[in-house]
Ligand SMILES: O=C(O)CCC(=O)c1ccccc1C(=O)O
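So this first bit is one chain, no partners, the form predicted alone, shown in structure tokens.
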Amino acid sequence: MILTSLNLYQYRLPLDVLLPVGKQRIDHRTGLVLQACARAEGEHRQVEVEIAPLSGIDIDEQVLVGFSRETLVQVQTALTELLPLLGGQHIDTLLDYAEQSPYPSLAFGLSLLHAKLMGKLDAIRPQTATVPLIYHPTDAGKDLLDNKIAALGKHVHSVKVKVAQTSIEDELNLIYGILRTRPDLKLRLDANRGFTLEQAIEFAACLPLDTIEYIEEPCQNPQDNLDFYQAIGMPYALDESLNDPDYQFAMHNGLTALVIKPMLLGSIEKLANLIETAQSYGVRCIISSSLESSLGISDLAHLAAILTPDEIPGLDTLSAFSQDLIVSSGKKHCLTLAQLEPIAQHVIDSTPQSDVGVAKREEN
């Protein structure tokens, strides 16, 4: 298939409630949508992907730290320069540029665009279950949190709880409150490297260990994670550690899971290789969001079904969004491409409108 047109758009979506990015909070999400059309004999495809590094500023005008290494401006500039080079090329060229890109979000987006043009995400039903996210809302009353816990369906067996956000006392009250309401739940804690080793041990020592699946990145210094495990016996997961460009998987005592945010890590091929290696050591791999819009979350749900079919992904972030984007999740408003800000366009030929979407999808 040959790429016949590429269009780049920017979006900005306000949030109804603040979302946590580590200990920081954001009140909107910005990103890019890349649309591509490709043609082969008797077939035409048009798909969109979201490319949205988790960077920018928080509600206090501070730069977000600990997540994407690239900025939205860097990725937008790189894409604007790339589009003329892609036009008229075979879609496999997308994988070449994904491999070369220094920006993980761009590498992921280009490889995802290739997968969607190939129809690979059409061949499997998306993972519709997700692990609910629970955290102390800083801009809403406690009732909102209580209602969310009370509304958890009986089909929910695990929840993710943000910790190392407020005082240890408040967070212990939160955890024990959840378990009083739903004693059957298992908890996945996420500390985002918020504790010193001593604080992590103090906190974990107060928890009922049999209810905890694992804690993500418990220590400010990741090298302390093993000491934490030896002291407490609580399994831990890696998240931020995977964002290090020099990260290579290594098995350690107590390591039980990798929390994989594709937008932060790179191409689908890189994700698949990491997952295969980790699983060979018995380490669970869980696809997680980087606070993408409904378009990105939909694609992650498909990827989770393909790459980690036995794990429920962590994609419970859409409730904070005021609107959907391209793909509806059921919100009242769903933005279309026509409502987004156009950034760049490159067209090789014009496709008759009657041809759009009528040809059958390419087989894998």
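This one's a predicted model, so the numbers in the text were calculated from it and none came from an experiment. Residue indices: 1-based, along the sequence shown.
Separately, the form predicted in complex with the ligand exists; it is not shown, and the next lines address it.
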- Message: Residue-level contact is defined here as any heavy atom of the residue lying within 4.5 Å of the ligand in the predicted complex; does Lys148 satisfy this criterion?
- Response: no
- Query: For Leu274, is any heavy atom within 4.5 Å of the ligand in the predicted complex, or not?
  - Reply: no
- Does Lys261 make contact with the ligand in the predicted complex, using a 4.5 Å heavy atom cut-off? yes
- Does at least one non-hydrogen atom of Ser290 fall within 4.5 angstroms of the ligand in the predicted complex? yes
- Out of Thr308, Gln323, Gln35, Thr317, which one falls within 4.5 Å of the ligand in the predicted complex, going by heavy atoms? Thr317
- Partner-free chain; cross-checking the ligand in the predicted complex, the single residue of Leu295, Ala304, Ile51, Leu54 with a heavy atom within 4.5 Å is Leu54
- Message: Quick check for you: of 112-120, 224-232, 265-273, 184-192, which stretch puts a non-hydrogen atom within 4.5 Å of the ligand in the predicted complex?
- Response: 184-192
- Determine the residues of 67-84 with a heavy atom within 4.5 Å of the ligand in the predicted complex and present them in sequence order; the list may be empty. Phe67
